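One chain comes next, on its own, written as structure tokens: the form predicted on its own.
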């Protein structure tokens, strides 16, 4: 099908996986990613291997991104979003691409711009495959705002930064469209845990990135290693008050694997795991679960409140599951396992592409009949392995559609 082209919206694991499978079938792909760095949430995840691989899937995201960037049949457009899609025989899409202030051919990744920027407008990538490894955030950039600062451009030894460039409108013709816009993490600021108020309350996604970049757990307040860590599950999932009745599936396994990794690297740490019940999804998880229960304290109770005490420590209030007595404990760090919710793009993209959504707000899992398909966690919570498999199934249906249209 050398004359076929597929537009994929979303450059996370699902989008990258679908793009690679199509490209290997000699189908051209335009892969549109709204973020500055492709790879989605998973590209920030830490490898959780201890004495052996624990099949967390983090390495798969890195591999998919590397291969997609190198494949000649894939045009990856980061920092872009689809403005309009029309169908008149083929699909015609209008894509707004933001200005590419940093030239990937010139950027050496020296980090001078990152260090010099006074407003934090230079963003750093998460993967060695990201090229360039730095990007400019227009909302924070003082030059974009009022031209009052150009330190990054002046300091760049490779002349890789041009603050005068502008964005562009691109047009794409496609024979099919795949929406793979992933998920949004639940924002826990509304919960009584002090997120964004107490510095030592973080989310599981923030811990993932911390372990990836720092290789250890640290307290944001003072950069010291925490002695006592609390993991709190189901924050934003399985919550009738929010209308989030679904289980996010991956949080238990991910949190417990991070707990085990921390115990291996920081053996003096004491870890408590607060949960409703543990979802044992994934291959070999039951065997892993039997081991981890012996290494950390498991409490079948979800805390009600967190308060800050001396030295930026945290007082966690919870019920004894056996006696229903109110208890409390002091921790150095609290990690909130936030739920998987529909992407911020889901509603607008559903209207743009005329895709149905289910009662939870995710894309419907029904197969397309008009050349528009969906894939990955845009359709509901999935692990990385499940996302890759789901993308493969979507590619199969897409290829069948393309063959029928010939």
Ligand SMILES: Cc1cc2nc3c(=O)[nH]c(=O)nc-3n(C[C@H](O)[C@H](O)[C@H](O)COP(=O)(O)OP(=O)(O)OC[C@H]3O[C@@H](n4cnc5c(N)ncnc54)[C@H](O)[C@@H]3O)c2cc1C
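Positions refer to the first chain, counted from 1. Note that this is a predicted model, so its numbers are computed, not measured.
What follows is about the form predicted together with the named molecule, which we do not show.
- The partner is not drawn, yet in the model of the complex one stretch among 164-172, 92-100, 116-124, 182-190 has residues with heavy atoms inside 4.5 Å of the named molecule: 182-190.
- In the model of the complex, residue 205 approaches the named molecule with a heavy atom inside 4.5 Å.
- The closest non-hydrogen atom of residue 219 lies beyond 4.5 Å of the named molecule in the model of the complex.
- The closest heavy atom approach of residue 14 to the named molecule in the model of the complex falls within 4.5 Å.
- Although the partner is absent from this view, residue 32 contacts the named molecule in the model of the complex, with a non-hydrogen atom inside 4.5 angstroms.
- Site residues 233, 238 and 275 are none of them in contact with the named molecule in the model of the complex, judged by any heavy atom within 4.5 Å.
- Counting a residue when any of its non-hydrogen atoms is within 4.5 Å of the named molecule in the model of the complex, the hits in 227-255 run 250, 254.
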